[in-house]
Structure formats: structure tokens, C-alpha cells
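This document starts with one chain, in the form predicted alone, laid out as C-alpha cells.
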Amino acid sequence: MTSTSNVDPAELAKFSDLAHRWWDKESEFRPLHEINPLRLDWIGQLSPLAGKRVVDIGCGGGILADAMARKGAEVLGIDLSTKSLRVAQLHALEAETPNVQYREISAESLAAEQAAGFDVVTCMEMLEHVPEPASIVRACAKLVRPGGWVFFSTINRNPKSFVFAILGAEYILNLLPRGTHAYAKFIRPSELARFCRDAKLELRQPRGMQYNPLTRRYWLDDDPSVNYLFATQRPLNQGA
């Protein structure tokens, strides 16, 4: 069963139209390629990936899923963009990436099918593109086993994030296509923290992500005012 209720058709079409460019490191997806080592290291420090069963929610063309598989994880990437998944599958074949598979299925449907089936769940740069982000957070919490980790990244909603993430990234620096983000869909850390609490996920490590456009360097710190990441954990004493 593939539920598509929690999806914005315009968002899906937007990423489908760009699908063939996912693995072009100088394309619209350059920022994702540049931040990938940073987020991969952060995940691996908190939950070493070798031997873990991992699901990447909203995997797109597989940039993070592929990298986690190369760290020794058994990875399932899921998305609702058929074109993006085809690109991800083709890249895995060409690059001979071990232990990575892709499925066209929603987070909610997979959670109903494989509750507590994963050691690690990642949901990066995805929550700000869906109508009901809280539903995705609940699905992630259901997918992870007790004691497992769920990692999120998204964009804060405030005047600074509007200037940096939309005006700066899309209109001045041209890091992203215009219209990539909708300010109203940005999520404050307090809102994401509430979604996590309601889903019985415990926040372990919040981090901010910064970018210097002159050096094209990204780094993590304690400032969540624009891009930020949450590392959360499902309590061990919480049953499946």
C-alpha cells in the first residue's frame, strides 16, 4: 500500500522535474552534496552505521542513502517521486553500492508495515515539503526500534531564515532553484520538538548548520536560527 495523502503534488512535481540532475554535483543539488559528509559524520558519531538497518525517509536521488550504505549499513530509501527513485536505483547499479534498496512508499505506510523495524531512521531536508510534518515524525517514531535513533534536519521559520534560505539561497546566490522553499512551511525548533515529544521521541542533540558562501564551507554549531538538525532517540523501555 502506498499512501499519498501527506504529499503536496506541486512539491512532488518540482523534484520529479529535476530528478535527472540529482547526481550532478554542480547542479541544483550541489548544496546537498556539499552538506552530505557533514550530516553523515554527525549521524555516525551518535549511531555508528556499520551493521545497522536504516531507512531514509524522502531519500530523493539517494545521496544520503548511498553514503550510509557505503558506511556498512543496510539501507532502504523511500520516496514518492518515481523519477527520483529511478535515478537512485540507477546510481546504485552504476556505482555498485552494496546493501541499498529503494521503494516508492510513504513513511506512514511503511510504518504500518514494518513497525520497530529499523535501528536508524533519517529524515533530512524533507519535513518542510509536506502538508503534515507531524505525521512524518510519528511515522519515523513508529519505524525505529526501542533504543534506536531518528535524525531530522529542516529549516527554522523566522525573518533571518527567510533572508538566508529563500532570498539568499534562491535569489541572490542561486544555490537552489527559485521556489524550492515556501516560508510558511518552515518549522520552528519548538514546533519540531513538540512533534517529537508527542511521538515519544527524546531529543538528544540539536545542532545548527551554517554556510559561508565565499568558501563554500558548511559546519555544525549551536545556532539553529536557519538550518538545524535534531538527533532523537526512542526510549529503550518503550514497547513496539
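Note that the structure is a prediction, hence the values are computed from the model and not measured. For every residue, the number given is its place in the sequence shown, counted from 1.
Here the subject shifts to the form predicted in complex with a small molecule, a form of this protein not shown in this document.
Undergrad: Which pick from Leu220, Leu18, Leu12, Leu229 sits with a heavy atom within 4.5 Å of the small molecule in the model of the complex?
TA: Of Leu220, Leu18, Leu12, Leu229, the residue with a heavy atom within 4.5 Å of the small molecule in the model of the complex is Leu12.
Undergrad: Met124, Ile166, Ala134, Ala92: which sits within 4.5 Å of the small molecule in the model of the complex by any heavy atom?
TA: Among Met124, Ile166, Ala134, Ala92, a heavy atom within 4.5 Å of the small molecule in the model of the complex occurs only for Met124.
Undergrad: Going by a heavy atom distance of 4.5 Å, is Val87 a contact of the small molecule in the model of the complex?
TA: Heavy-atom contact with the small molecule at 4.5 Å: absent for Val87.
Undergrad: Does His129 reach the small molecule in the model of the complex if we count a contact as any heavy atom within 4.5 Å?
TA: Judged by the heavy-atom cut-off of 4.5 Å, His129 is in contact with the small molecule in the model of the complex.
Undergrad: So in the model of the complex, does any heavy atom of Ser81 sit within 4.5 Å of the small molecule?
TA: Yes, Ser81 lies within 4.5 Å of the small molecule in the model of the complex.
Undergrad: Would Gln233 show up as a contact with the small molecule in the model of the complex if we use heavy atoms at 4.5 Å?
TA: Although the small molecule is absent here, Gln233 would stay clear of it in the model of the complex, with no heavy atoms inside 4.5 Å.
Undergrad: Report yes if all three of Leu49, Ala69 and Ala111 come within 4.5 Å of the small molecule in the model of the complex by some heavy atom, otherwise no.
TA: The answer is no; none of Leu49, Ala69 and Ala111 reaches the small molecule.
Undergrad: So which of 192 to 200, 171 to 179, 58 to 66, 207 to 215 is the stretch with heavy atoms within 4.5 Å of the small molecule in the model of the complex?
TA: Answer to the contact question: 58 to 66.
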